[in-house]
Structures are given as C-alpha cells and as structure tokens.
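The chain that follows stands alone, in the form predicted alone, written as structure tokens.
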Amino acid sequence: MTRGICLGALVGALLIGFGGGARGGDVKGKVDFEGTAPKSTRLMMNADPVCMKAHKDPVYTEDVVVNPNKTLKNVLVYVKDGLGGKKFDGSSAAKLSLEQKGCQYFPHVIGIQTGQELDVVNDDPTLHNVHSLSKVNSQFNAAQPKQGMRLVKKFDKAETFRVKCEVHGWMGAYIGVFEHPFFAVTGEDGSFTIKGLPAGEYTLEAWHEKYGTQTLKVKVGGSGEAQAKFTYAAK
C-alpha cells in the first residue's frame, strides 16, 4: 500500500512538472452593442456583370454588422497577455480558407496562427486580385483570373492587416495572425469561445475594424470555463 501511494505521488509530481497540473478550460463570452446601429452602405457592383449576377438582393458594407440580439459581428477576440511569451507551432493546424465569392470575401474577419496555411480561393468566374496590406509580414499581390484558382499563404509574425481586391474596390477582409491558438471571431449571435486555455490569469483584447480595441482581465481556473463580455457603443 505504501509503495502504491509513493508511486502515485511521483506520477502526480511528474504531471505537474510537465504541465499536467495546469488544467484549464474555455473562455466564453459575447460582444454587446449599445446605441443605434449605423446605416450600412449599399455596395455598387455594376462595374462587373458577374458580380451583379451573383446577388438577387442588395449587398451592404460589413464594417459594422449589428446582430438582431444587439451584439456585434466580426469582432476578433484573443489573448493579448498571460502566456509568458510562449509560442505555439501552427504548422500542424488545419488549413483555413479565405473565399472570394459573389465578389465578397468570406469570412470578412479571420484569425490564424503563424505557420498555419491559408487557402485563398477564387470561387467567381471573373478576375480577382488579392493584395495584402501587411506591414510586419511580407506583402503579397497576386492575380487570380480564373474560377477555382488557389493561393496558399503562411505568415511568420503576429499582426492584423487588411486584404483588398485591386479589381473590385469594395472588396476587403481582415486577417489577424497570432503566435498562439487562443483567439476567436464573433458570429451572428455575437458570441465567442476561446478553447483550451491553461489555468491562469490573462488579458483578453477585442478588436473591431471601426471601433478599435478593448481589453479586460480574465481568470481561468483549474477546470470548467470563464466568462467574458465586451461592450461597444455607437459613435
């Protein structure tokens, strides 16, 4: 019996030494919006008949999308501080896609790890030109004249930057690059989940293309989940 107790204590100590004692959980939350939502501007796509044909209904800008439940879509939420400078290898993470469909980018905001592959796809039977406005990572500016063309990119450094189409001036998207996997983008209900954070205290940051950034502190316990809420207001 004594031998079993000692062996169990030894295994426990080893697990703690290798991070097994730092069990954590998920951070779940939402991004609320207060005030009157600004009116979106209709996108005029008549310069390209292919773009016009792709839409039966009018298409509007996505710089501010307020959901029916008074939350904000397309907010990038991520761990800004608390990981102790630790970097994570994103090369084995699943490939992500940035689609050009109906002369729009989908998704409008995307988060990706350094080293993770991004597949930029032209789903339209018309010319698109993908131009990154990155400042830390190397810029790219590539034409995709045919439907089905693909461009695979990786990024080495953390930053958030815009991507645009030189052919269709209304097309724009944002890419947030991180040295860790702890980020999420709010969707049609304004919620987000950052999964699998080790136990500890963190600073979360929310980024929105028009309303800027906000930060808050969150504590992830040894098990379960933590809650977080951001609120943006109309300007």
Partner chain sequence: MTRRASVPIEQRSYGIYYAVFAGFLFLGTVWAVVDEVSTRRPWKETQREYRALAAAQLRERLDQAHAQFDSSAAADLSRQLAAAQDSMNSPAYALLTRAYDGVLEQLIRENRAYQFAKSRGDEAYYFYKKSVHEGKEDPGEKEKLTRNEAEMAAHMALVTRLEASRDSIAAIVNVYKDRVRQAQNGLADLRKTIDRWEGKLNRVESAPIEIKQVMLLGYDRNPFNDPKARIDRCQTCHLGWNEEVMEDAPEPFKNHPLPELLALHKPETFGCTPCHRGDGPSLTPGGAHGDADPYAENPLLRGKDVWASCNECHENESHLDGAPVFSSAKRLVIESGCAGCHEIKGYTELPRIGPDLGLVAGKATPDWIFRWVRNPKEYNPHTRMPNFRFTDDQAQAITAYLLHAAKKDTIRITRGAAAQGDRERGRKVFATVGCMACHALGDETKVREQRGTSYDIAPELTRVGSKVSADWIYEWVKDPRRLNPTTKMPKLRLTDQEARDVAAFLTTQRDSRVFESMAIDTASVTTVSRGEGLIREYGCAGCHAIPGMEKEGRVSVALSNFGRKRVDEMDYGDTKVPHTWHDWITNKLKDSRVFQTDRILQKMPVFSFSDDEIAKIRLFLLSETKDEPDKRFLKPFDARLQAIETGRRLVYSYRCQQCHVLEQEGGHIGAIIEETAFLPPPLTGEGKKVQEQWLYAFLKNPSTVGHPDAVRFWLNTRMPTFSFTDDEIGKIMDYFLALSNQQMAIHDYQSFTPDPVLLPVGRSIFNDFQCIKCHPTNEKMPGPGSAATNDLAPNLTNVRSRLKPAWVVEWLADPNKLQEGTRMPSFFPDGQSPLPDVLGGDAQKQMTAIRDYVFTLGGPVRSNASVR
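Residue numbers count along the first chain shown, from 1. As the structure is a prediction and not an experimental result, all values here were calculated from the model.
As for the form predicted in complex with its partner chain, it is not shown, yet the points below apply to it.
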### Message
By the heavy atom within 4.5 Å rule, which residue out of H131, K73, K80, H108 makes contact with its partner chain in the model of the complex?
### Response
H131
### Summary
From P58, G196, G169, G35: within 4.5 Å of its partner chain in the model of the complex by heavy atoms is G169
### Query
Any chance all of A47, Q139 and M149 sit within 4.5 Å of its partner chain in the model of the complex, going by non-hydrogen atoms?
yes
### Message
Can you tell me if L118 lies within 4.5 angstroms of its partner chain in the model of the complex, counting non-hydrogen atoms only?
### Response
no
### Message
I'd like to know whether A143 contacts its partner chain in the model of the complex, with contact meaning heavy atoms within 4.5 angstroms.
### Response
yes
### Query
Would A158 count as a contact of its partner chain in the model of the complex, using a 4.5 angstroms cut-off between non-hydrogen atoms?
no
### Query
Hey, in the model of the complex, does T114 get a heavy atom within 4.5 angstroms of its partner chain?
no
